[in-house]
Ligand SMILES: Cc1cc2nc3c(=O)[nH]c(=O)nc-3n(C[C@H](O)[C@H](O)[C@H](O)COP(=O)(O)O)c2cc1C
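Single chain ahead, written as structure tokens, the form predicted on its own.
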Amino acid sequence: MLDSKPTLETLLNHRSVRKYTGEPISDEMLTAILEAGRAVSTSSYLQAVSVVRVRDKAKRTAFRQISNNLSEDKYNNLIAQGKRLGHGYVEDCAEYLVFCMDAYRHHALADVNTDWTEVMLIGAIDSALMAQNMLATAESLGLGGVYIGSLRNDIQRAGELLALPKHVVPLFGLCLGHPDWDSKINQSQRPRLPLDVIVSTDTYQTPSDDVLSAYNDEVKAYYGGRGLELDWRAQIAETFGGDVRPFMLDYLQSQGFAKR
């Protein structure tokens, strides 16, 4: 029988884990994690999600290349030069799982139209719910993980690596493993927005500039403690200040989603 921590304790102690011991996850643990994901709520009982377990080392390396936004040749050249590249945990974690919104089974069983934007939302929500169930279960068992949205840097290549058919789209990855708690990168929780900014009653309440500035200062202090010159405002500007994966709509439509 697996020993798991209480739900509230598990959720309140969440942090992204990017450094692992190298110990494999037992079959019993992995099965429990997958079963917890399978048991999650699903819109209209559609179960519009599939998970691909990536074990092949070459594919792991390819996904790391994508996460670093590098071509295979440029990645190999930088590695040959001894350059330090990020997302090493994609290769090093015990399990790398890719969550996909999946309408393939629906087409196999019925004459359906899944090119509506609403269908895409259903698949994305189902995928996120399943993944969070699985990560929470993993953490309750003493494991850790981190989500990998950067596989969408080259979403077409990600889909090709997994041989995804039409009506299936890779959304994000999840690294899982036994945390190396001696690593500083795993030890701290990033501050979250205050509840009174996130939660409104009856109507949406816009946060004041003072509250947002105070939170920005809190984030800046957090990063300063880690030797970084960074705050939340800068992260927002970096993420949303320019083109945001402008190829995404074309790929979604090529896979049969978001055409109307």
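Computed from a predicted model, the values in this text were never measured in an experiment. The first residue of the sequence shown is number 1, and the count goes up from there.
The form predicted together with this ligand exists for this protein as well; it is not shown, and the discussion that follows is about that form.
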property	result
Contacting member of Val146, Leu143, Val98, Met130, with respect to this ligand in the predicted bound form [4.5 Å, heavy atom]	Val146
Contact residue in the predicted bound form, from Arg190, Lys83, Lys184, Lys166 (heavy atom within 4.5 Å of this ligand)	Arg190
Contact of Lys19 with this ligand in the predicted bound form (heavy atom, 4.5 Å)	no
Contact of Ser150 with this ligand in the predicted bound form (heavy atom, 4.5 Å)	yes
Answer range among 176 to 184, 155 to 163, 85 to 93, 110 to 118 for contact with this ligand, defined in the predicted bound form as heavy atoms within 4.5 Å	85 to 93
In the predicted bound form, residues of 216 to 233 near this ligand [heavy atom within 4.5 Å]	none
